[in-house]
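Given next, in C-alpha cells, is a single chain: the form predicted alone.
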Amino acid sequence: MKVGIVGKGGVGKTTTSSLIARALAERGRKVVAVDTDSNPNLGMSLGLTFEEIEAIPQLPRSLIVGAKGDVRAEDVIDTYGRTTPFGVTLISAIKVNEAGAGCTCGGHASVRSFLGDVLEENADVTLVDMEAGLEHLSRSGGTLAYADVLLVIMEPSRKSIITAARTIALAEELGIPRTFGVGNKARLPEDAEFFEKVCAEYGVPLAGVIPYDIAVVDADRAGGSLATGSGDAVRREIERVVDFLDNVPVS
C-alpha cells in the first residue's frame, strides 16, 4: 500500500505520519517513510537526532526510477534510506539548503517516479509525508499520482475540513482511488462530534479522530518522538486508523 498524508499547515501531518509508521512497523510491516517537506522533520518524530537527519543523503531531483530510468526502487531505498530507531526506513526527498536554489519540482518528480516503481517486495507500506497545502496535487503528473490512499489530516475547524473536501476532488482528478479524513487534536467529545457532523456535510469520509494530548505537544516542543508509554489515548486511535487502512482494498 502507498499512503500519502496531506493537509493544511500546522494540523499535525508529520506527527501523525510518524505514529502511523511506528504502529505499522510494530505490527511487523516493512515501512518506508518519505519526507517531502522542504524543511524535513519527520526523522525527529521517528527518533533520529538533528545531526543524523542532516547526514541523510537527499534524493536527487528529477531522478527517474523504474524501467525507463537508471535505478530501481530497491536501489533508492538502499542508497538513500536510513533505518530509524522504530524500524521505519526514512527517505529525505526534498530539502532547501540554499537561497535562490530554484523550485523543488524536480524533487517531487523523483518521489512520483519512486512511488510508481516501489513494489511489495521493497515495502509493505510506503508512506509519504507531504508538505503543507495542495500544490503537490496540482503539479504536472501529481506527486502522489501512484498513491493508493490519501489521508487528509484535519484540525477541528471548518476551514480544515473544507480543505479536505477540496483535496478529495483533486485526488479524484488524479485517479487516486480513496481519500479519507483523519481528525486531529480533538478535545473529546465535542470535537469528535464536530468532525462527524461537518465531515458528513462536506462529504469527507472519516478514518478516525485522534485526541489532543499534552504528551504529543511536549514531544513536538522537545523536537523528538512520542515517548514509549505516553499518549495512550493517541496511540489507541492511531491503532484504529491502522486497522482501518488494513481493511481498505488496494487494486
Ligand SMILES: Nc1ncnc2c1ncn2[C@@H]1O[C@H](COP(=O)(O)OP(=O)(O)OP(=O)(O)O)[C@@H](O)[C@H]1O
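Note that the structure is a prediction, hence the values are computed from the model and not measured. Throughout, we count residues from 1 along the sequence that is shown.
The next section is about a form of this same protein that is not shown, the form predicted together with the ligand.
Asks: Can you tell me whether Gly229 touches the ligand? I mean in the predicted bound form, with a 4.5 angstroms heavy atom cut-off.
Replies: No - in the predicted bound form, heavy atoms of Gly229 and the ligand never come within 4.5 Å of each other.
Asks: Even though the partner isn't displayed, in the predicted bound form is Val71 close enough to the ligand, meaning a heavy atom within 4.5 Å?
Replies: Residue-level check for Val71: no, no contact with the ligand.
Asks: For Asp213, is any heavy atom within 4.5 Å of the ligand in the predicted bound form, or not?
Replies: Yes, Asp213 sits close enough to the ligand in the predicted bound form that at least one of its heavy atoms falls within 4.5 Å.
Asks: Contact with the ligand in the predicted bound form for Lys13, defined as at least one heavy atom pair within 4.5 Å: yes or no?
Replies: Lys13: contacts the ligand in the predicted bound form.
Asks: Counting only non-hydrogen atoms, choose the one of 203-211, 190-198, 24-32, 57-65 that falls within 4.5 Å of the ligand in the predicted bound form.
Replies: Checking each option against the 4.5 Å cut-off leaves 203-211.
Asks: Going by heavy atom distances of 4.5 angstroms or less, which of Ala145, Ala109, Leu170, Ala132 would be at the interface with the ligand in the predicted bound form?
Replies: None of the other options qualify; the answer is Ala132.
Asks: Candidate spot Met1, Thr179 and Glu237, all three in 4.5 Å heavy atom range of the ligand in the predicted bound form?
Replies: Spot residues vs the ligand: no contact at all.
Asks: For the stretch 31-45, I need every residue with any heavy atom inside 4.5 Å of the ligand in the predicted bound form, listed N to C.
Replies: Just Asp37.
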